[in-house]
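Form predicted alone, single chain, as structure tokens, below.
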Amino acid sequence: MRPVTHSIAVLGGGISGLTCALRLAAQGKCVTLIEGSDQLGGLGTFFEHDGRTFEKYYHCMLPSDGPLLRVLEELGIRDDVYWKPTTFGYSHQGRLFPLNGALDLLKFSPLPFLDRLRVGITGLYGRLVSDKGLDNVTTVKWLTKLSGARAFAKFWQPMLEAKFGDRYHDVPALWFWTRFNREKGESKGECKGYISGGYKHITDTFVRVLRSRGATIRLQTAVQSIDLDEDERISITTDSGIEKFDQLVATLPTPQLEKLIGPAMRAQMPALDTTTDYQGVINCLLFLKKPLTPHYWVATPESQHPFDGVVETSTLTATADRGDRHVVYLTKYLHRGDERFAQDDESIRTAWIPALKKLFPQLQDDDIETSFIFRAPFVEPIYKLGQMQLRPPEELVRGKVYLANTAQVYPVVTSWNGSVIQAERTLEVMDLTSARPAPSGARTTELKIPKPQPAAQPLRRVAAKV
């Protein structure tokens, strides 16, 4: 006989899995969270240096990240978030241009004056235009029409290539439109948030609250397969053996999940072979003895730079969270199959650090305390035309198996906030399952895209997010 307590496995301990586990445990479900690595948090994982913890991949929050902030409030740590104004710079032919308002754009000499005006109008138009039909128009076509071919080739295309490599041609304009509208309503400039104690503080609090609600958390538990047994229960095979559950919420990237699905489960699932591939990322994290730039983000989209951007998180974080050092992330988006993704750490340092010194001549070897290299293979989905129809469904097997991953987040920005939104969407479908006759695999929730609101500086925000 089945146990009286309804058991649910949550596969993956990133922010989606943590959010799902939190809400399910709050409903009194018997929740087991299974994570293959030795840390929770997904891309929010950390390492220790000089008695402090630092994220392997840079993170920040925005005032518009309401769903994420509500989760932090539920955890009792929202008041630990602090906010600072931040700025954006753009590197071109050895010069650094601030892009933080209309006046900066008018002074942006890499573009002819008429092109500057058209790029500025593009930013304003992107905040005001409807999203209708943009999922079936490429970003290339949309931006070329608005900004002109010359401005697209010189300004927008390098940033798209930095994000998606040679796959940028099919990215829908809806993806770009969403970035125009993420930081809506800020009339006094860009503002970002961080949390005292770092993102480890968030995951540590999740652990404490989940355990207080009776949830089980298993780290370093490699899942070998998932399937349905003869009684239609979820069967999860790990290094420790086989365990049975009534329901499963999977939060793994689709390519990883595909490898785990057994034949009985697959027979009841919709096909997932049309889902999106992912870009990976390499981060070279530098601890410096002095500041490098006043900007939080400097875009470096030109091909001579081995990295796509320079993110100085110490322009945002408090000294109590990082010490007296200054923290800089050099970031490069690459497909996991790209040979550069497999480069050894020392080869990356040998190429990237001299390139950074060339970009910032004031940086000397003695200014570098130390450096670390981190890689993640599944970071940014590579979107295609008509992506709204390609997103995987929330329900994979009726009443039993559910999905909440970044391939479904589109067109919302891929971020912790976007992942919380998707987790809540999946949980909503779980609650509705017993009451509706929809076929297995059908999408069951209408995606609500925030309506645009006027703001002062949309352009630099999009450039930073691209």
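None of the values given here were measured: they were computed from a predicted structure. Start at 1 with the first residue shown and count on from there.
Only in words, not in the display: the form predicted together with a small molecule, which the text now covers.
Novice: Would the small molecule be touched by all three of 21, 254 and 382 in the predicted complex, meaning a heavy atom each within 4.5 Å?
Specialist: No: none of 21, 254 and 382 comes within 4.5 Å of the small molecule in the predicted complex.
Novice: Could you tell me which of 76-84, 92-100, 256-264, 334-342 sits within 4.5 Å of the small molecule in the predicted complex, going by non-hydrogen atoms?
Specialist: Result for this chain: 256-264.
Novice: Would residue 43 sit within 4.5 Å of the small molecule in the predicted complex, counting heavy atoms only?
Specialist: Output for residue 43 is yes: heavy atoms within 4.5 Å of the small molecule.
Novice: Spell out, yes or no, whether the shortest heavy atom distance between residue 221 and the small molecule in the predicted complex is within 4.5 Å.
Specialist: Judged by the heavy-atom cut-off of 4.5 Å, residue 221 is in contact with the small molecule in the predicted complex.
Novice: Can you tell me whether residue 401 touches the small molecule? I mean in the predicted complex, with a 4.5 angstroms heavy atom cut-off.
Specialist: Flag for residue 401 set to no.
Novice: Examine residue 397 and determine whether its closest non-hydrogen atom to the small molecule in the predicted complex is within 4.5 angstroms.
Specialist: Residue 397: no, not in contact with the small molecule in the predicted complex.
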